[in-house]
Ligand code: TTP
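In the block that follows, a single chain appears as structure tokens, in the form predicted on its own.
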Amino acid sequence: MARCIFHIDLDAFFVSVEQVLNPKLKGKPVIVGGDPERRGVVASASYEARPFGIHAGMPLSKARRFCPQAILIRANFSRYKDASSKFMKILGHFSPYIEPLGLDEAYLDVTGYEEPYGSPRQLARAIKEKIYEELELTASVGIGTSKVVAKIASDLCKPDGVLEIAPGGEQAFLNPLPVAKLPGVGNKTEQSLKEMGITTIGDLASLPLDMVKRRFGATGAVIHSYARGIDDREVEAPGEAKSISQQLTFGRDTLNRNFLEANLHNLCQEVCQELRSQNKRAKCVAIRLRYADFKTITRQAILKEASDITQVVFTTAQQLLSKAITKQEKPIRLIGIRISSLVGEEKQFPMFDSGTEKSEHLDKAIDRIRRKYGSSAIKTGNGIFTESS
């Protein structure tokens, strides 16, 4: 029996939740996002706003120029998390094999579970009806024998659609589509493929595998398989978090190193506090920088020993920041930190390493104060520098 995989995606999710709460917003250009006075971006746009060129990730200032009549609503993530929880619970009534992707979409393996409904398409319609009945939200459903086919199908039938790709029809479905529709093909890969004369998924599928692997490495092998409709990934429930991250967008672009380091230190404190609350330690530290021209880079380093100590993480992040600034002196608009490769809390300090033990005790004391009095109750020296200092 061929697998039957659904990709279910709620349409214009954030906006749709707001429209349910305020029906007067229906049928109007609506944008959900951050604070336009603080360089916020579009999180979601209604389908009435999209013909004006508005899309997720666009600066709100630009979106308002494109569509001055659009209604702007500040994002309220507690509302969206609540709706998402109800959405996932609904899916669980139809199959236990769910893999959420963010708040508003999920894979569902319904192999065998579609039989009582007569067909996969009828099951998809039953799911859509249940979502609308309980949440008043519309969903688009892609149906295929693999994740990649189901995902592309749901993208193509939005909004409020169902698109089924029958077993054996994968290649005919994929061949004429732009290569950018494939998961894993970003802007750079798409440009490289165009330089090779590859513009459609069918063009990519027809290339020899060795040629694609030579050009793109392991990623090439993956996207080549996807182009041929081959994707053996299982639908898997999420496990424990594999990383912890925080980031901050500045009010204005800056190259003030002291200011950048102070904010980086605060971010390190936040992620390390979360790390310690999970009784975990991290082995990998990465920073993320976005420049004034929106170019974004990531730099990472592996620690000699996994750690949950703020100063250890910050020292590594500080070194990565210094190297990045030295290599490219451009104003920075966003800075972020990510710690990953998380392991259990078992520790073995080097003999007589009193400095490590002192740092650990200090972190725990700061954690206790912040839990009791709030995150702003105590600031360390690294984290109190202001841009005007």
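These numbers were taken from a predicted model, which means no experiment stands behind them. Sequential numbering from 1, following the sequence displayed.
Form predicted together with the named molecule: not shown, discussed below.
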**Prompt:** Should Tyr47 be classed as touching the named molecule in the model of the complex when contacts are defined as heavy atoms within 4.5 Å?
**Reply:** yes
**Item:** Close approach of Ala324 to the named molecule in the model of the complex, 4.5 Å, heavy atom
**Value:** no
**Item:** Exercise: Lys158 in contact with the named molecule in the model of the complex, heavy atom 4.5 Å
**Value:** yes
**Interface membership of Ala43, the named molecule in the model of the complex, 4.5 Å heavy atom rule** = yes
**Message:** Tell me which stretch of 47-55, 62-70, 316-324, 332-340 has a heavy atom within 4.5 angstroms of the named molecule in the model of the complex.
**Reply:** 47-55
**Item:** Stretch 5-26 - residues with a heavy atom within 4.5 Å of the named molecule in the model of the complex
**Value:** Asp9, Leu10, Asp11, Ala12, Phe13, Phe14
